[in-house]
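The chain below stands alone and is given in structure tokens; this is the form predicted on its own.
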Amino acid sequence: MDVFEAMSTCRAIRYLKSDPVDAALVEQVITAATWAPSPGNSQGRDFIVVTDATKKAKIGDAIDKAMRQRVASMERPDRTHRLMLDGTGHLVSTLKDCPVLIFICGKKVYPYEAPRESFVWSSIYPAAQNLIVAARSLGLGTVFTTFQGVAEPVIRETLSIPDDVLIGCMIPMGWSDAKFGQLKRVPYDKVVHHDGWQGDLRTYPPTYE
């Protein structure tokens, strides 16, 4: 798939089938993630791929317990919020059935003489974006989440993650049970300032054209 098509149709997929994903495809998307830039080419990131049913159940149940009521009680003032939060509620209740959970982690390793935490995130997040776009090009659905924050002790214990390893994100991945489609984003002329700041070009929340 053309990279522009993949990027412009890479919706957050919160409805995933339980059908297994071939290990070769998992390797392919993670290899794409390793091609992402990192500070000084330090590549300070690691990927934990979880397919074991018992471990997925333990993680999924912990996240569901922490988030189900919270998500259900959130306001849905418009269609965008309704779709996002309804999808989030579905995802947290079905995480244990998701074929693959991918955690992208990293240590403070750069600069080597005085490592800083900020460089962990600047290595992890580009890798996550590469992974998500690569998955879309193969027809796989993903969604970038920080769900690990609500159940981190359980996740660390279940996956034996050391205390000095930071968990940047959790990406559920599987065959989509929803439609991919064109993204709704603020247009070019509302986000680009030529040769300097030209004042606020848009209002918040954003409107789409």
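On a predicted model such as this, the values are computed, not experimentally measured, just so you know. Residue positions are given as counts along the sequence shown, with the first one as 1.
Beyond the structure shown, there is the form predicted together with a small molecule, which is absent from this document and is the topic of what follows.
145 is the sole member of 28, 158, 145, 38 with a non-hydrogen atom lying within 4.5 angstroms of the small molecule in the model of the complex. When the small molecule is considered in the model of the complex, residue 138 lies well away from it, no heavy atom lying within 4.5 Å. Taking non-hydrogen atoms only, residue 49 never approaches the small molecule to within 4.5 angstroms in the model of the complex. Proximity of residue 84 to the small molecule in the model of the complex: non-hydrogen atoms within 4.5 Å are present. Within this chain, residue 125 lines the site of the small molecule in the model of the complex, having a heavy atom no more than 4.5 Å away.
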